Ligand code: NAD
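Take a look at this one chain, the form predicted on its own, written out in structure tokens.
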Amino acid sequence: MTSAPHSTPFSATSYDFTPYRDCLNFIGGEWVPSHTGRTMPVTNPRHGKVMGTVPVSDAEDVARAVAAASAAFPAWRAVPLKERVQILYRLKALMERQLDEMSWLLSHENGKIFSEAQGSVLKGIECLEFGISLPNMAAGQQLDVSRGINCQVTYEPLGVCAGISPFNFPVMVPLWMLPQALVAGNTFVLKPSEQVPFGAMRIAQLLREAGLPDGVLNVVNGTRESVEAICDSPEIRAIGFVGSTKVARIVYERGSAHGKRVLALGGAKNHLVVVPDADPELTAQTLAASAFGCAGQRCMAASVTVAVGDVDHIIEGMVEAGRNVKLGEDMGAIINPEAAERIRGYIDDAERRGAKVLLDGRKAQVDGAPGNWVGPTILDGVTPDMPAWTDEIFGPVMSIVHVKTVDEAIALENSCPYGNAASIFTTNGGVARYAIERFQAGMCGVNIGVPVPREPFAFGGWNDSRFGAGDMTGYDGYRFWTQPRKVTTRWAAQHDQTWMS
């Protein structure tokens, strides 16, 4: 068992391939290998080279992490909320001090360009700031409800909680969950994506440096077996999940069947509705940025442009904006070769079915970086029989669908089983309000390509984009990781009694 190697700085300051180190599990304050002894490679998507390895854990590893979290819970719960928050203050300072290093680490393990990786770390810090603010919001309520009788509500921790995070935001998504859960007094088991374990590793290392007691946060790496063990563990009271809709549904059903509180955020098929009076330059640039930012590997990426009437000039501007994207500089790599091949398969299929490829990224490559590349791609004339219409591609592919009216556009958006995000591009306030009030999506925008709510507003979709109640971030997140205790008190008999007394 050791702790020192996991504080090893990541030395990269460019996109040049830089090996790192092997990752371990973090259980009870110690860095330990998996019980299984098995590992798998962590590969830099830009170069296709191995940076290190990550453990493949099993149910016994999860049980060890849960036992450590259970043992740490009574003492952590007893720490006053304002003292718990001080650790997040210190974590924020450490992350700000190491911002560039963490951003380069994320860029190398995930494939993002540096500026996108840095933005995701900064968003994680913003989530920390909300957690730090919770003492000003979490006081509960109290009221004298009758003569001599007071009712009070406090928000109590659940106990051991767990989070399962995806590959696309290795630091930000864990920090959607950890601040609220830890400030509330819970202990935690985090299962990061096996493809990007280093971001979670650094969070654990920095929290330890910030003074978090051993066992309060535990990190277990692995694949399906570790996720199933989290769902089945009788000691874990709540699970937060972010990933595909297919797995989100499985986690929700399996965890709920064991009596857990589960909030599982799934996939998306986000629609951007463009009407003829939309600002041409703003709209074209925003459509391209939404579709091709983070190589389309985010649940908030636009994947369908719904063209209402004659907006060909805007589509031409979007194509031009996409053509000007410099692969490797403005847009990063795809997470793995299988994902890149799957994305190209959707493009091939749409073309065979009659879609016109206005911009083709299938053969894109970057000199000196023989990794996983798909360039910006725009498909026009996509129809309902095409998987490019229905499926979440999760890559830099924009599909264009043509309709005649705003009502047709709204009906098309609402026919999608997902309900993550939708936006309308218009200069008419009445049209904007009409659409926003009718979209069946949890996050909506007007002239916004990625309508992500900033803290303290919460993140979460509807329909098949979310399983469970509430949202993941903001005050909804704090309520998810807590349970309300209602206390009614009376200290003296009253002469003028009511039915309550």
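The first residue of the sequence shown is number 1, and the count goes up from there. The structure displayed is predicted, hence computed values, not measured ones.
The following text describes the form predicted together with this ligand, which does not appear among the structures shown.
Proximity to this ligand in the model of the complex, defined as a heavy atom within 4.5 Å, singles out one entry of Leu327, Val262, Ile87, Val227, which is Val227. Residue Cys299 is the only one of Cys299, Ala181, Val121, Ala409 with a heavy atom lying within 4.5 Å of this ligand in the model of the complex. A residue is said to contact a partner when one of its heavy atoms sits within 4.5 Å of a partner heavy atom; Trp389 fails this definition for this ligand in the model of the complex, lying far away. Though the partner is left out of this view, Ile164 does reach within 4.5 Å of this ligand in the model of the complex, counting heavy atoms only. Although the partner is absent here, Asn150 is not a contact residue: none of its heavy atoms lies within 4.5 angstroms of this ligand in the model of the complex. Using a 4.5 Å cutoff between non-hydrogen atoms, Asp380 does not count as a contact of this ligand in the model of the complex. None of 282-290, 264-272, 313-321, 101-109 except one has non-hydrogen atoms within 4.5 angstroms of this ligand in the model of the complex; the exception is 264-272. Contacts of stretch 456-473 with this ligand in the model of the complex, defined by any heavy atom lying within 4.5 Å, are made by Phe459, Ser465, listed in sequence order.
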